[in-house]
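First comes one chain, alone, set out as structure tokens in the form predicted alone.
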Amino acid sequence: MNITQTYQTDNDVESTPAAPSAKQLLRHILPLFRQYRLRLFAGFAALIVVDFLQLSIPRILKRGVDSLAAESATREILLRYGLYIILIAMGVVVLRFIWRYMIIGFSRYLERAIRNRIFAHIVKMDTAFFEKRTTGDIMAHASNDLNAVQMACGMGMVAAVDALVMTVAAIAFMSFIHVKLTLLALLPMPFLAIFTRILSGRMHRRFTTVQEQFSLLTEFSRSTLVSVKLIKAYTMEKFQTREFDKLGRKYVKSNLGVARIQGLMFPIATLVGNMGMLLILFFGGRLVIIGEISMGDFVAFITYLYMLIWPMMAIGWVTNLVQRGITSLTRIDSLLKERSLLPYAGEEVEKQEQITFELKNLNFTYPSSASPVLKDFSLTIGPGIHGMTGRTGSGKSTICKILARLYPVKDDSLFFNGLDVNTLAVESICANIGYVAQEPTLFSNSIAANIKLGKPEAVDEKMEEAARLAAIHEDIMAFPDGYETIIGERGVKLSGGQRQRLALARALLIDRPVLIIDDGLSAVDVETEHQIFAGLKEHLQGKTVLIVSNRLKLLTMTDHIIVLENGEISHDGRHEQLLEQSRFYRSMFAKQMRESEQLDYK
């Protein structure tokens, strides 16, 4: 398993892979058609009946006009014909509601199923995937793209079937009245087919650009809202507004390109229909004059031809919806084809009492980087409290992320209790690990919900116990709503230290045999950090704990300290040993002691 082999750069996204075949695209939606086949059958049956009810109205008009022309019409006859039309209209109303409920409802079920599949797929992807794809791009797939697929499989499918049935049936009724006149009316049709084919290709390319622009616009909006404090601090509001306006203008320009194609489709379809109408008025009128067809037949023929104008216009609309749907389904297919290099389908392992990680000759390079971060790295971490320190970029956080199974590694380079991690299911390994990052992820929810994220069934007493161990309980109780306080997007209502301690409480609550703290208390003052760890030592007995920090006062309380330099272990041992062996460790300790003495003096 090679960790550098599958991910493209941002510029290559969705440009180099070959376009998927129709069969590949249909596999995303055909199972849903089979699942809801009875619903679709009922919906299309109602749609077809509606079409034939509408097609029966010209026949009634023919009889009424012919009776008027023959001067045999009476009030009772005309009233009866009018009643027929009213009854048909009532039937159309009921059946139209049925087909809309059935077919459009199906398109919503399809939308829900694909959205759930997209979401389930995304949450299983590894970290490298999210480094390649922006949040805005992913959101565009699950919103704009999905809406286009829903429209194509809803109103697009309805319009296509409706247009086909209406066209075939109307032409059949027209042929029954007069074959030659029907052929004359259909004479302009090939022009419509040619124009539609030319314009549909351009529609596909331009709509692809629209979706890409929408992704950029969404990502820019998201990143701006997330960073709004920084933007205000640097007085960048006007600059961001201008950049947003530029993206908006590009998006509008792309949409106008699509609108120009749409603007041509509908008038061309209408023109073709009116050309046929003009021919019928001239030649059909002559047939009425010479008595070859009756006045009722002429009125019915005109009505059928008028009904054909809608299918002609629908060709352009359906083409637009289908092209949008194909483009969006292609983008969704590209997303779903992405594969995590982490083995989610590996062997399951039960929760362990004690865990040992062993790294053997591990070389690791981030997918977006060319130079390795870890070089021939070997390390064994078993039960006990291990500290790790080193210069920025030495590989500390990389080790934490690899142990937490956020990145894939080569075979036979990382072992979990003696088993190669690539043979084990990621979920079963992660179920044994508690992880606290330097930048904790919090949700716009209550404090209680954030702490209970990994264990929602936990009782309040256990939650409060974890909060006390993380020295955050008193801070929480200072809020008016206590544990029910809503902390805002990414914990905006909390300080940096409070966010980190809340994340630590979350990891302590799940009480797993491995705890990884990746500089997770860096925003907490030294004394509080020291107090937290002193209180945790008993709680962490028997667990495998890795604490990354550059605060040596904290590391002196660990069982074993590892010093990294340039992706390699330069020294390891207890605090006293490192003071003798490591020049870097000794100088860092002396510097921190001087700073501590200066603070005490002040």
Partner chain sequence: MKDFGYQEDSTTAPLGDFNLWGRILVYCRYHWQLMTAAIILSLLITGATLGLPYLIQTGIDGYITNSELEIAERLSGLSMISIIFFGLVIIVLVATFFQVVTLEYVGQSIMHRIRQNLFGHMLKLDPHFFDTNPTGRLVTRLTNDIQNMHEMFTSVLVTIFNDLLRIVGILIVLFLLNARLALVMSIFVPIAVIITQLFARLARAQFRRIRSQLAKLNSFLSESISGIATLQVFGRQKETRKLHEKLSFGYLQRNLDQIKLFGTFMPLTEFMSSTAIALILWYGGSEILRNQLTLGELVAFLSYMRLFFQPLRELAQKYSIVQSAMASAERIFQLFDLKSDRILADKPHSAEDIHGNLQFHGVHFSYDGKHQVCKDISFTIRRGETVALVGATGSGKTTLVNLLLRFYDPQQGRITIDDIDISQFSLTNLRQLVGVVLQDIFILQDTLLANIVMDTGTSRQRVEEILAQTGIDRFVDRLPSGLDTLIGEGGQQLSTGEKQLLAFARVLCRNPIILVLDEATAAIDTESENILEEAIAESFANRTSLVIAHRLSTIRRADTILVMEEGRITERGNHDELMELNGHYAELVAMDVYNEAT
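Just so we're on the same page, rigid core means the largest C-alpha set that superposes within 1.5 Å between forms. Computed from a predicted model, the values in this text were never measured in an experiment. Numbering follows the first chain given and starts at 1.
What comes next is about the form predicted together with the partner chain, which does not appear here.
Trainee: Which is the contacting stretch out of 170-178, 101-109, 351-359, 410-418, given heavy atoms within 4.5 Å of the partner chain in the predicted complex?
Mentor: That would be stretch 101-109.
Trainee: Under a 4.5 Å heavy atom criterion, is Leu374 part of the interface with the partner chain in the predicted complex?
Mentor: Outside the cut-off, so no.
Trainee: Even though the partner isn't displayed, in the predicted complex is Leu308 close enough to the partner chain, meaning a heavy atom within 4.5 Å?
Mentor: Leu308 lies outside the contact set for the partner chain.
Trainee: Lys23 versus the partner chain, in the predicted complex: is there a non-hydrogen atom within 4.5 Å?
Mentor: Contact check for Lys23: no, nothing within 4.5 Å of the partner chain in the predicted complex.
Trainee: Any chance His575 has a heavy atom within 4.5 Å of the partner chain in the predicted complex?
Mentor: Taking the distances in the predicted complex, the answer for His575 is yes, it comes within 4.5 Å of the partner chain.
Trainee: Would you mind picking the one in Ile194, Leu79, Leu187, Val459 that has a heavy atom within 4.5 Å of the partner chain in the predicted complex?
Mentor: The residue in contact is Leu79.
Trainee: Pick from Ala404, Leu164, Leu336, Leu424: which residue has any heavy atom within 4.5 angstroms of the partner chain in the predicted complex?
Mentor: Going through each option in turn, the one that passes is Ala404.
Trainee: Heavy atom within 4.5 Å of the partner chain in the predicted complex: which residues of 491-530 meet that condition, in order?
Mentor: Result: Val492, Lys493, Ser495, Gly496, Gly497, Gln498, Arg499, Arg501, Arg506, Ala507, Ile510, Arg512, Asp519, Ser522, Ala523, Val524, Asp525, Val526, Glu527, His530.
Trainee: Is the shift of Gly291 between the shown form and the other one large enough to count as movement, that is, does its C-alpha move by 2 Å or more after the core is superposed?
Mentor: Passes the 2 Å threshold, so yes.
Trainee: Once everything's superposed on the core, is Asn255 shifted 2 Å or more at the Cα between the shown form and the other one?
Mentor: Indeed, Asn255 is displaced by 2 Å or more.
Trainee: Please say whether, between the shown form and the other one, the C-alpha of Ile486 moves by 2 Å or more once the core is aligned.
Mentor: Not so; Ile486 is displaced by less than 2 Å.
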